[in-house]
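Listed next as structure tokens is one chain, alone, in the form predicted alone.
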Amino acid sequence: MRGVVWLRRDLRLQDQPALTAACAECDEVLLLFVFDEPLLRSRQFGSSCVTFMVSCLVELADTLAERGLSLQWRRGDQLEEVLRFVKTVKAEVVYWNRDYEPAAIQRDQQVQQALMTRGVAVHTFKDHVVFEAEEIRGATGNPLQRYSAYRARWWAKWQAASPPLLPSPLRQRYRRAGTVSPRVVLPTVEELGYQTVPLWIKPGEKEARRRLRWFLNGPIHRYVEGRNLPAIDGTSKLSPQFRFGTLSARTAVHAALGTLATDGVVSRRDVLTWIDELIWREFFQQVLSAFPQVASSPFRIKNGLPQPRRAGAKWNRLYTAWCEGRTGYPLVDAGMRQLNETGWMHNRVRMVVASFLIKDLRIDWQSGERYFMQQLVDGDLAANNGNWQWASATGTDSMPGYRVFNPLLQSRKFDPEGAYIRQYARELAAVPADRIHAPHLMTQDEQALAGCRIGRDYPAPIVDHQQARDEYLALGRHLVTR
């Protein structure tokens, strides 16, 4: 029997359910990836994301070639291309791992119906998450809307039946001495309509597994503190790998819990805190699949939240300054420049820049959400939407509306020496540590000594934070102030 594995967000061989099933059930297995032309044209994602995806595919294609297999690819409408490929190769069954974004669910239903109408069997599998939305429900059977309740049931489910890991099905079956498939020529990033950009981390399954080992051998045991310090390499930075499935969430959780059983200094609190971040990721996936309307609108409308600033010249000026990292608040600017340069931003800083856009500048959160998706190498609809709705106090389990991050205090607390700021706001490189968080307070002599003239080399603050905070809270008729 000839089967096709339709790859999407699962660009790996290890712990790959669809591929494992296909290899167990079929005499011949073909692997297909379709470059979604309508999605590419939509510009929903940026060059960082596309560069990372193509690089992951290149590594996967090379790995498959070493095993005597070739990665097949097509470009166009996914429904049309999958049907055309299946017909061309005369496949009898198609396998894929499920996706939970609203558009992907609709697409997969259409593909499945069309294939079955043509007499082709379809088998789909859970993969992008440890537990799907239907597996984690409240007592009434409804989707959970609070992370704390979701987390408790997630752990109960794990302890009752933790999912096993699957070895690569290609390791033995297809490896033959001297057998190498011709190298497949994939389209370049430019041919897809984007620009190749330098990546801050090497893409692909091998790098994902190496990075996971590195993280579990050190930084995870200082994670509670280290995750909040943007100047150090204290987080796993595996989000792009999870986004494109070069590493499974199951593998990460099993490996993290495995460190608790090893000798040496092990911090249970730090390890579980990191796993909590993976559970947050699944919580947002559950919210998106159970409440697909969040992709285009607030999860809930809260009375009393201030209305965003109206579009106009001032809106454009403030939004442009935020996007370019020219707000006059060094931590905000460093974060936005890190995003623009690398396609990634430290999570603590993401919270600060989101709060600044929504509450200091009073710009709608959807504008921030869209900009992040266009820049992020780990752009994921569920996580990005969930985090922006959390910051805007419109989400299922969101930050209180009255909480406004103070960028100056956040800067002093989490980047006290200004190392992170200097890395990305380079015109502040010579500003002393006691002025780095508020360079506009430097005297003229201090500015000259630091080689940084405020208003010329680095902007003065575009808003006064205290005044902006007071105005935001005053506009919120029912917000509790404290």
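Being a predicted model, the structure only gives us computed values, none of them experimental. Note that residue numbering begins at 1 and tracks the sequence as displayed.
Same protein, other form: the form predicted together with a small molecule, not shown, and the subject of what follows.
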Q: Just one of 289-297, 97-105, 338-346, 191-199 has residues with a heavy atom within 4.5 Å of the small molecule in the model of the complex, so point it out.
A: 338-346
Q: Using heavy atoms only and a 4.5 Å cut-off, determine which of Phe85, Trp73, Trp388, Trp154 is in contact with the small molecule in the model of the complex.
A: Trp388
Q. So which of Trp214, Tyr371, Trp280, Tyr402 gets a non-hydrogen atom within 4.5 Å of the small molecule in the model of the complex?
A. Trp280
Q) Is there a non-hydrogen atom of Leu238 within 4.5 angstroms of a non-hydrogen atom of the small molecule in the model of the complex? A) yes
Q. Do Gly328 and the small molecule come within 4.5 Å of each other in the model of the complex, heavy atoms counted?
A. no
Q) Taking heavy atoms and a 4.5 Å cut-off, does Leu376 contact the small molecule in the model of the complex? A) yes
Q: May I ask you to state whether Phe284 is within 4.5 Å of the small molecule in the model of the complex, using heavy atom distances?
A: yes
